[in-house]
Each structure stands twice: as C-alpha cells, then as structure tokens.
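A lone chain, given as structure tokens: the form predicted alone.
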C-alpha cells in the first residue's frame, strides 16, 4: 500500500513538473543561465572581437575595481544618489498620499495629475527636463525672474547629479504614492475617531496612527527604491550623452558597466565583475534595511 501510494505521489510530482517545464525552461535560459554565465565571465579576461578567447584571471577583475578611479567615482555618485533620492521620494509619496486621503475637493483630478509623471517614458521625461535645465530653459527663467542665481544644470559638475535627483524624485514618488494611498484606505476610521476624542490633532494622529500602520508599506517602498536607484542608467546616459559627464559627475555604476562592456569590448570580464559586486551591494542593502525595519513580511 505504501509503495503504491509513493508511486502515485511520484506521478503527481512528475505531472506538476511537466506542466511547469515551459516556465522552468524560460527561467533557466533567460535568468539563471545568464547569471551563471556572468559569474563565469567575471573570472576571465574576455575577447569577443576577432577570435573569441577566455583567459582565467581569478579574482583579478574584482581587485581591479579598488584601483579604478572611475569605478570609485561611480560608486560614490550612486551612493549619494541612493541616500538622497530614496528618503525624499518616500517622504514625498507619503505626503501626497495623505493629502489625497484627506478628502480634499477635486481628489480624483489631483490623483490623475499626481500620477502623470509615472506614465511618462523615462527617456522622454529626461529630454523634457534637459530642455527645462538648459541655460535658457524654464528653470533658469524662473530663477532669474525671482532674482535668484541661475545655473548650468547640464554642464556644471557641481549640480548635474542634483538635477537628475530632482527629476527622479518627481517622477518616481507618484508610483509609491498609489501604494501608500491604498494602504491608508485600509486603516480603520475608528482609530482616528478615538484619537480625536482624546484630543489628538492632525499631526499627532499622523505620527501616532498613520505612520505606524504604514511600516510594512514603507519597508517595501524603501527596498524597491534602493533597488531602483542603484540601477540608475537611462537618465544618466541621456543626460550626459553616455559619457557620465561633466567630469564624471553623473557617472553611475550601471553606466560604467555599460561603458566597459559595450564600448571597450576587451573589458567584458571586468564589467561583469562590477555587475556582480553591484548585485551583492543591493542584496546586502536590502537585507540590512529589512533587519532594521524588523519587518519579516513585506506588504
């Protein structure tokens, strides 16, 4: 009886894997396969032009990162980008969601207006902001009208990365706003009513009721923000014409990987080593964030 039962279980398992086989094949070919191949390349010097060659170099590609000035600049730029953009877009998303959830007039209209930047293509959005950031653009026109100093947002290395940060915060906060708005509508009204009976004002209710109930959502938003900001590429590429300029001020890790992999074809192994190190950094940052937030389950 036991033998017959185990045979039946094996048949059921076999049928399950058979139906899953197309998905498993796609995962193996387009996700797991490229990951293992990238790890393989990171330990080799690779030549793709002419006669293909793979020369094993061990950890030399990883050690080279610490001696590469441009890699260190890209890492520092990406780090600054993460620690500024992620908190700002999270706070802005909470504020926008709270205002929409407060029952203001024209709420549906403002929902559409707030969400429009998310619907815009990242490339198109970058081109629009480049026009606005131009020396004769809309931003400098507004600053000049107010009697404030104008800036060369595109050509000045001191403000170029900040200009991209502002653009990214404005474009990504509405997406997280929708997530926060859905969570806010799940908070029972009875909690706010009880707080009002105790004499709590709007600010007190926000910090004592709203923020604690949004912790799982905030954990999710921060993790998604960290992953997205570490992977910044298209905006920096378009803004600088692919160079990471001016003076490497907009150079990010992913843009550097692109340059080494596809512009300097004999450094493909080094590029994959940087990519693998970036993946480890994102993983560690995500795990640390989850540990500090003390949330085991994301919303």
Partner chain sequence: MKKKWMVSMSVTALLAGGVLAGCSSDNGGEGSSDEGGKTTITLAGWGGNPTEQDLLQQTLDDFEAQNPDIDVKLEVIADQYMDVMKTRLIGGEGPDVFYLDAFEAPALIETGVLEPLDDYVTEEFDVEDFEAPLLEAFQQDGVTYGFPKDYSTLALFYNKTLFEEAGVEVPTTWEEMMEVSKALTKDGVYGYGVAPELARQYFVAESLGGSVVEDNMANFGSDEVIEALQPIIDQHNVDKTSAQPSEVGASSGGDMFGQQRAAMVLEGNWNIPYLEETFPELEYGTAEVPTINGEKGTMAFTVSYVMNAASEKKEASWKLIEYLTGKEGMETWTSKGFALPTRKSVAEKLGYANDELRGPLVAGAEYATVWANGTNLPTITNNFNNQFVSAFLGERPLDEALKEAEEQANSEIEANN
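Note that this is a predicted model, so its numbers are computed, not measured. Positions refer to the first chain, counted from 1.
The protein also exists as the form predicted together with the partner chain; that form is not presented, and the subsequent description refers to it.
- The candidate spot formed by 21, 152 and 258 lies fully in contact with the partner chain in the predicted bound form, as each residue has a heavy atom within 4.5 Å of it.
- Under a 4.5 angstroms non-hydrogen atom cutoff, the partner chain in the predicted bound form lacks residue 38 among its neighbouring residues.
- Within this chain, residue 156 lines the site of the partner chain in the predicted bound form, having a heavy atom no more than 4.5 Å away.
- In the predicted bound form, the partner chain stays beyond 4.5 Å of every heavy atom belonging to residue 230.
- Interface residue remark: residue 247 is counted as part of the site for the partner chain in the predicted bound form, having a heavy atom within 4.5 Å.
- With the partner omitted from this view, the residue of 99, 134, 208, 122 that lies near the partner chain in the predicted bound form is 134 [heavy atom within 4.5 Å].
- Residue 262 is the only one of 59, 56, 66, 262 with a heavy atom lying within 4.5 Å of the partner chain in the predicted bound form.
- Contact with the partner chain in the predicted bound form, defined as any heavy atom within 4.5 Å, is confined among 182-190, 135-143, 215-223, 82-90 to 135-143.
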